[in-house]
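Quick setup: one chain, the form predicted alone, written in structure tokens, and binding and motion questions come after.
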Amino acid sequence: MTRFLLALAAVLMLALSGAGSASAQETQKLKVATRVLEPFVIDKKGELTGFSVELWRSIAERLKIETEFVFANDVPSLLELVKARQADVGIAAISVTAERDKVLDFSQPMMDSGLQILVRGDGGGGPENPLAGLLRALFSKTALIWLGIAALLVIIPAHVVWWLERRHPEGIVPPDLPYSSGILHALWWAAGTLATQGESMPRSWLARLFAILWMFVGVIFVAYYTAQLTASLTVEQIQGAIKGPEDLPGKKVGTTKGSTSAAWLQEQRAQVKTYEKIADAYAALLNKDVDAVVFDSPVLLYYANTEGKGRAQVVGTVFKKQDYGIVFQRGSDLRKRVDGALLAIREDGTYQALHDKWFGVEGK
């Protein structure tokens, strides 16, 4: 009987211990490192919101986790908090890189992104040398195409007039000249007529009819070319000197310290100026301390559609593609659980709803 009572007591103790463990698991509390970075993490008078915050709260709700947020000033500081075990998880807009993956673990990608360029509303890049601008316009792809069209519109009618005028005693092509000399007279006439500056008229009636038709072609060509050139120069002036990554070498470009964009800019021979916060880089851009800001595309687009609307614009396409992930201590068993929750959130539409809310066309 005594042995039975002892065994029963042991079973009860194990049951109570198991219940306590289950209870502890249900109320697990994690320290989550983050940093303020709109629209991923937004601090509204002490109340956190934003895409990354809401995504983590959805994950934590599924895993029955309580969260205590701890803040870092930049990505290196955030990663150090997790590495030093002062935080269990890190989430914001953290790019997954090979270097970071050597010392920390990352979840499956929570978002794919890349870098983009932000310039002032005037296009950034500073004032351009007028002569350099003229030469660039003259040798642009558009100008060369039009030059090729003009060459065809001179060569073809020149041969027509040469053939009609070559035997006329008073024609614009002196008689009895060989082709190599006579065609030069015809080319001169065709070029002048195309530019609506013709100095003489052919003498044969067929050549005169052709010349009248060609004068109308010349007027239309000059008018259309002028309109296209004006439109091209206007667009270029609006867009400014910086239109893509190829325009950044030598320019003053702002970004944040320790970011993937800072490392990339160093490789591009840009004059890099780093700041503690991306908001400081925005201010430097508007104050004309830098010509452009290079940073994560979703962050720049959000700023251009909200606080920076009308004052700054994003130019070019996304480059230097990268994934964002949730960061864990090396070997943490949390990663597998978070990955599972993240997959479930994608499948039930929660993820898409959050993405649409924060990265919709209008921006929020």
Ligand code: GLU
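Just count from 1 along the sequence shown to find any residue number. None of the values given here were measured: they were computed from a predicted structure.
Keep in mind that the form predicted together with the ligand is not shown, yet the notes after this line are about it.
Trainee: Quick check on L37: any heavy atom within 4.5 Å of the ligand in the predicted complex?
Mentor: So L37 counts as contacting the ligand.
Trainee: Does the ligand get within 4.5 angstroms of any non-hydrogen atom of Y303 in the predicted complex?
Mentor: No, Y303 stays farther than 4.5 Å from the ligand in the predicted complex.
Trainee: According to a 4.5 angstroms non-hydrogen atom cut-off, is F295 in contact with the ligand in the predicted complex?
Mentor: Yes, F295 is a contact residue.
Trainee: Using a 4.5 angstroms cut-off on non-hydrogen atoms, would T256 count as touching the ligand in the predicted complex?
Mentor: Looking in the predicted complex, residue contacts with the ligand include T256, since a heavy atom lies within 4.5 Å.
Trainee: Considering non-hydrogen atoms and a 4.5 Å limit, which listed residue (A211, V75, I242, I183) is close to the ligand in the predicted complex?
Mentor: After the contact test, the surviving option is V75.
Trainee: Can you pick out, from I94, L265, A87, I117, the residue that has a heavy atom within 4.5 Å of the ligand in the predicted complex?
Mentor: Exactly one residue meets the criterion: I94.
Trainee: Sort through 42-50, 55-63, 29-37, 327-335 and report the only stretch with a non-hydrogen atom within 4.5 Å of the ligand in the predicted complex.
Mentor: Single hit among the candidates: 29-37.
Trainee: Pick out the residues of 300-322 whose heavy atoms come within 4.5 Å of the ligand in the predicted complex.
Mentor: Contacts from 300-322: just Q322.
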